[in-house]
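Take a look at this single chain, the form predicted alone, given in structure tokens.
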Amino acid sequence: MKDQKKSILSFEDVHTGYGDREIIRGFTAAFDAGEFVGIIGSNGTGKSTLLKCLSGIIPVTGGKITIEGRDNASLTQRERSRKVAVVPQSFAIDYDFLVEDMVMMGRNPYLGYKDRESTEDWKIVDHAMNISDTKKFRGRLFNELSGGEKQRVIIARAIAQQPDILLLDEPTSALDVHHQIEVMEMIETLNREAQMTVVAVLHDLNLAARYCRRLVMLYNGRVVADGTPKEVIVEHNMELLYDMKMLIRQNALFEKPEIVPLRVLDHQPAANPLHVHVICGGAGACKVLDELKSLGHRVTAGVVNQGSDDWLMCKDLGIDRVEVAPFTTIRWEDQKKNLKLMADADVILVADVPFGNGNIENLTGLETLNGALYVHQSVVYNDYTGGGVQRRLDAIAKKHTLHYVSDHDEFLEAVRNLPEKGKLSATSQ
């Protein structure tokens, strides 16, 4: 069993690129034996270039790569291939080989030009095909296989090299969901059971977070984050890489961060950022909460029941809120906290939420506030209090102008057209 604390691969201020175009600009990282590391980053940031540099396809122009204590530049291709196996993004051949012959190619670093495969070589190939579940393809032609089947054969060929380090360049990029999981599970098994060090360039962040125990994030050819998935996959890192808004939440099943892409950043924040308080609690305010926050407004919410979709959105977006336990009736004590939170709000929205006796207290005291008050029209129709909602709204309207909106897009448009902060009034139309 390999020493888990021994550095098997290290990069020291590595620079490389293509001709005069430098892609990797001072990459430094060290990997221990037995690690499963994912390299992540946007297109063109140098992920694949880094693997090409390590595998000897392109030269290092500065710095040093060390493999098992030896300078990578001093290794012959045969020596390097005994230590490192590469699984490319795709593999195409004009001449059609049998699958078994494809896997046997993994033994080339150990065979001379005139050498014939030994019984031991065939045993190693048989073992590699068992591990990769490709033995059933033994007599088939490689080009007859599906994309997922081909990828497993290429991994079997890499296993047959008996490397200490397995490099994978976007191993699931051309596969459907079924084959993506199949390939990643196989790689995870190799790492766990054979203690093979795995360094994988991965485009799919959710796959990277799920399977890799460590992530190294590249930006402009440099390391900008290095740590566990929980440490690396955070909002400011993702926005830096992909220039888009992403919702990051914890996947309860895998206990790993999960990314939900929302929108490409348009770099047009609100010219007049306001404090907007959203009265919500079901599932109807998720979109408006996200869009208000993305526009740069200060968003607060309440009173929301823990576990509801609106509460989850507030939690994921870091929105200040007043909350109560699931299925708990909102009390006056809860609403007092809510009124305090929205006391200085420029705008209050009663969102698209059904009202019953459990949450009607959310409407108490709104007439005492100074902010412009908007009400989603559906509130009137989704009244499960026997007319109590309409009576509350009528009472509020005697002291405070109510603005009704038919949907949240209409509300967002109204917010865009509001006067500057400090010039709003409760009676403005």
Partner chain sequence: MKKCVKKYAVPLVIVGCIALIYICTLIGITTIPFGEANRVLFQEIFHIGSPENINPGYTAIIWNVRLPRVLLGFLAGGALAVCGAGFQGIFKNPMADPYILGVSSGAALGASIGIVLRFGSSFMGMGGTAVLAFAGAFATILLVYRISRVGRRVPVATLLLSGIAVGQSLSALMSLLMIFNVSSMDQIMFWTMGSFNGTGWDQVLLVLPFVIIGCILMFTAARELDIMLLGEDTATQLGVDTERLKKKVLFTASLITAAVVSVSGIIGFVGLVVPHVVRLFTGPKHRRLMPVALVCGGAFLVLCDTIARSVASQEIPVGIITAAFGGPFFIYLLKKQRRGL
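Source: prediction; values computed, not measured. Numbering follows the first chain given and starts at 1.
Quick note: we don't show the form predicted together with the partner chain, though the next part is all about it.
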item	value
Contact check for Arg78, Tyr95 and Met105 against the partner chain in the predicted complex, heavy atom at 4.5 Å	yes
In the predicted complex, the one of Glu117, Asp226, Asp309, Asp176 near the partner chain [non-hydrogen atom within 4.5 angstroms]	Glu117
Gly148, Pro109, Pro163, Gly282 - the one with a heavy atom within 4.5 Å of the partner chain in the predicted complex	Pro109
Partner-proximal stretch of 290 to 298, 206 to 214, 81 to 89, 128 to 136 relative to the partner chain in the predicted complex, 4.5 angstroms, heavy atom	81 to 89
Partner proximity in the predicted complex: His400 to the partner chain, non-hydrogen atom cutoff 4.5 Å	no
Non-hydrogen atom contact Arg157 with the partner chain in the predicted complex at 4.5 angstroms	yes
Exercise: Gly56 in contact with the partner chain in the predicted complex, heavy atom 4.5 Å	yes
Contact flag, Asp101 vs the partner chain in the predicted complex, heavy atom cut 4.5 Å	yes
Contact set, 22 to 52 vs the partner chain in the predicted complex - heavy atom within 4.5 angstroms	Lys52
